[in-house]
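Encoded as structure tokens, the following chain is the form predicted on its own, with no partner shown.
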């Protein structure tokens, strides 16, 4: 599904975005150099014994980009595309992303170079536990040091293995469970984490299309209703993004996956497509729709909003001139290369950058970490009190007005907030505020042509303040 194989350095791209944004700040050059660099890079190899008795040597990484705040935070990716440059770039993006949405972490990222399809569950468990053990040896994991999370190729299962391994090595650490986020609910995970990134993508796009003057410039109507959307990637992020967008009235007219794509101008039922995929192992064959064999070509189909939710380097100089979408929402990390972005912006296409748009995952991971440190679920202490208090208010209103509410009306008012309610409320607060802060910077500073540059300016300013307050750069 890769749109282009042109060789480029992802980390250099990220640094160039920082340099571009730095022109609109007054921070010392030495401080900017410190902010750009990765503080710690750990590359290592370890052997695992397969089910057949063979031995495979695994290549792995953990990069801590910035220690301006601790712990550092970032996912662990299992993929054959893992390399040092990509892990460095993704770690750097995490630093800027956390700063942008006011999550008090430094940035990090991990990667294990494997094809998960060729390993059994038992083999993947051994790889994950050994990877964790290697991180423990070098102090590259811990609730106060470095807190990983799921990424491409990993999920709650792998995070549970990591938490269990860390706890076994640190039996007296009361906060050991906070060493990783994205865990299953049974292992002190948090309600809403699975859909968090997709929910954040939805909120970000919703905010963007709700600004009438911006949509007028793109010759689009305000709001999501009737917007034609093509999704590239239908994993956890892609599915949940599409689901929330569809529920808000958008039409998901295309879904591109690695083995082919689906297209229907009338719109696809996202939940039905996911159910079909779970039954058959593929989105192909849904309602006997004709398969788009070259799914990368769907990036060039006509639509209002294109959402790359797969891997980096999908929109390059080779296909940027053919993109027909008016808005690109970067649900994946780095799906649009720097050179491609210049072409797209010149053509008047609005790009909602990954730095902001997929920050929902780390935002809710932060809430999970807080839950683990406090050792109590959100809402558990005050839910019943709030429910009883709300019931008294309803009774007072009924007595004062002489009008009785229906049971459904009472229940809607009286119910106390669940953990998921509070998590989603916090997520929405962060995403809404961050988008309008970025847009304000974009509109205020002359010479800023992209939302991405505005986002990096805001991030740089926040990280710089952290360093300056430490007295490192007086």
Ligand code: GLU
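In this text, all values refer to a predicted model and were calculated from it rather than measured experimentally. Positions refer to the first chain, counted from 1.
Keep in mind that the form predicted in complex with the ligand is missing from the display, and what follows is about it.
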Partner-facing stretch of 270-278, 116-124, 319-327, 358-366, counted where any non-hydrogen atom is within 4.5 angstroms of the ligand in the predicted complex | 358-366
Contact between residue 151 and the ligand in the predicted complex at 4.5 Å, heavy atoms?
-> yes
Wondering, does residue 241 line up within 4.5 Å of the ligand in the predicted complex on heavy atoms?
-> no
Heavy atom to heavy atom, is residue 336 within 4.5 Å of the ligand in the predicted complex?
-> no
Interface membership of residue 135, the ligand in the predicted complex, 4.5 Å heavy atom rule = no
With the ligand left out of view, which of 204, 308, 261, 75 would have a heavy atom within 4.5 Å of it in the predicted complex?
-> 75
Stretch 169-193: residues contacting the ligand in the predicted complex, 4.5 Å heavy atom cut-off = 181, 193
